[in-house]
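This document starts with one chain, in the form predicted alone, laid out as structure tokens.
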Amino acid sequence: MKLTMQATLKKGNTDLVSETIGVITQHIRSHELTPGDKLPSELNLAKELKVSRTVVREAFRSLAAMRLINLSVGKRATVANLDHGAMSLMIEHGVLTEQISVQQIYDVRRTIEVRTVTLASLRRTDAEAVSIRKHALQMMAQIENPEKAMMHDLAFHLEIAKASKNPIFGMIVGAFQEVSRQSWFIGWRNRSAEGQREEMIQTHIDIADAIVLGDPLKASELMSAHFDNSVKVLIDAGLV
């Protein structure tokens, strides 16, 4: 297990940490490590790279913050599974600092989720179809409990993304979920006219039924209409 790095690093600690991060990620690629595989220890890395253990520790912490590796006390770092956490933080930061609007997020979500529901209709397993429909039905069952209805709504969209069999879609949809939590209750409150909430939930059930039947055209049409309606509700509420 040989690592290589220029031994003539003369810049500050931040530069050393950045260089060390680069070497660690290159090590993961060159050794074809997969989730769960162990990385070299802090001590071995420090000796090989001729840097302090503090530098290696900071590099590990940075990689862990990006959800690229897992750190556990007393154990060697391991390669992490794909995770939407880092992307989620970036999107939340963009919204909080007004660099990204909620309407822009819904524009992207609409584009992506019309595609994911199309693929899910073609690629889903029977178990995934059952799970997607179950979340839609539970939304209706929990219509008097908005918190639980929301959780099933979020799970419904994430399950569809996973059923598309493209993990990148799952990451992107997952990354939008925290912002979706914040806007969900606004949309719920503004669907106050009789039957509006039931109609919104019924659209989810209809989408699930199209997935069960393997009808990508119907599923995509329904998902598109769902997002168009959701954006209208948020506009009426003054959020976008």
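One rule holds for the numbers: they count along the sequence shown, beginning at 1. Since the model is a prediction, treat every value here as computed from it, not as a measurement.
Only in words, not in the display: the form predicted together with the DNA, which the text now covers.
Of the candidate stretches 44 to 52, 211 to 219, 24 to 32, 183 to 191, only 44 to 52 has residues whose heavy atoms lie within 4.5 Å of the DNA in the predicted complex. Using a 4.5 Å heavy atom cutoff, none of 127, 162 and 165 lies near the DNA in the predicted complex.
Only one of 77, 139, 158, 105 lies close to the DNA in the predicted complex, with a heavy atom inside 4.5 Å, and it is 77.
In terms of contact with the DNA in the predicted complex, the residue from 114, 89, 71, 122 that brings a heavy atom within 4.5 Å is 71. Heavy atoms of residue 67 never reach within 4.5 Å of the DNA in the predicted complex, leaving it off the interface. Taking the partner from the other structure, the DNA in the predicted complex has a heavy atom within 4.5 Å of a heavy atom of residue 17.
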